[in-house]
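Alright, here's a single protein chain in two forms, structure 1 and structure 2, each given by itself as structure tokens.
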Structure 1
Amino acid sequence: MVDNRPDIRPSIRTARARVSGLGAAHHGTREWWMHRVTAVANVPLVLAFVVIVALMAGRPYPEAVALVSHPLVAILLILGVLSVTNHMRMGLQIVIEDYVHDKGLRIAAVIANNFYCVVVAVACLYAIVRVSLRALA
């Protein structure tokens, strides 16, 4: 059995110290920090994506495949997809949790959001891996 009685022992800790790092859901600030970390990571990764796309502009398909087949380029693209889709998933989940008030609809929306982001990430990763490995065949 779980003891749900309040703790009435005296403590020298302040109320803030007792709940330090805990939000209303009692899970801390992990999601907040992860959203900020992915936002910072997205800056160089999106810049790298723009440079890669600019380098491919006007090139024939075999040269574009050769560029994406370079290990550094493929890794940058994969990291970019993972970071951007994770950031997208967290950002939309925040919006859903803040503005969808019906519990059942909120749960369905969060599940749909997670499913959509995974599908987008898998499709992008499949395309990158397929194109990058084509040059090896």
Structure 2
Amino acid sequence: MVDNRPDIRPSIRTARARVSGLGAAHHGTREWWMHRVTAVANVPLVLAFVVIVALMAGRPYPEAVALVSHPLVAILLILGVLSVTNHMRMGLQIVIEDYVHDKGLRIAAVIANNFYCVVVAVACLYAIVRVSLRALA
């Protein structure tokens, strides 16, 4: 739904200033939109992830390594980790901003959220790449 109604309120701001300002947060609806984009990407990637985990369960170590080092599996896992960790970073930031009212605590919580998501992402990516490349060595 696109709101095309013209803004008829009188203003001394120029049209240029109105569009370049992008509102109080100065980045418009980019974060909201990226949350949706990652949500759409998550659907097929999460379904693939569920299938991969179901195939992995109960397998001995060499077979588990062979499965994760398959290029298709490794690429799907890497894409999934990138999309999911970004999606959850934005999602939890919304939760924090809704419920943590103290400004200092809120800033600390948002920073901690970013750190957690990056640590999870890097740990997963490092592990996938390491398992995949060891098959070549």
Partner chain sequence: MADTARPTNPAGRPVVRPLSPHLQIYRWTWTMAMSVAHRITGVALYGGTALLALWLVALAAGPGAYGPVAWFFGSFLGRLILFVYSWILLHHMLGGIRHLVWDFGHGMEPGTRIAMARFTLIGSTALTVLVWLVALVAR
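When a residue number appears, read it as a position in the sequence of structure 1, where counting begins at 1. Because the structure is a prediction, the values reported are computed rather than measured. By rigid core we mean the largest C-alpha set that fits within 1.5 Å across both forms.
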Exercise. Mind telling me which structure is the form predicted alone?
Key: 1
Quiz item: Does the C-alpha of V68 move 2 Å or more between structure 1 and structure 2 once the rigid core is lined up?
Solution: yes
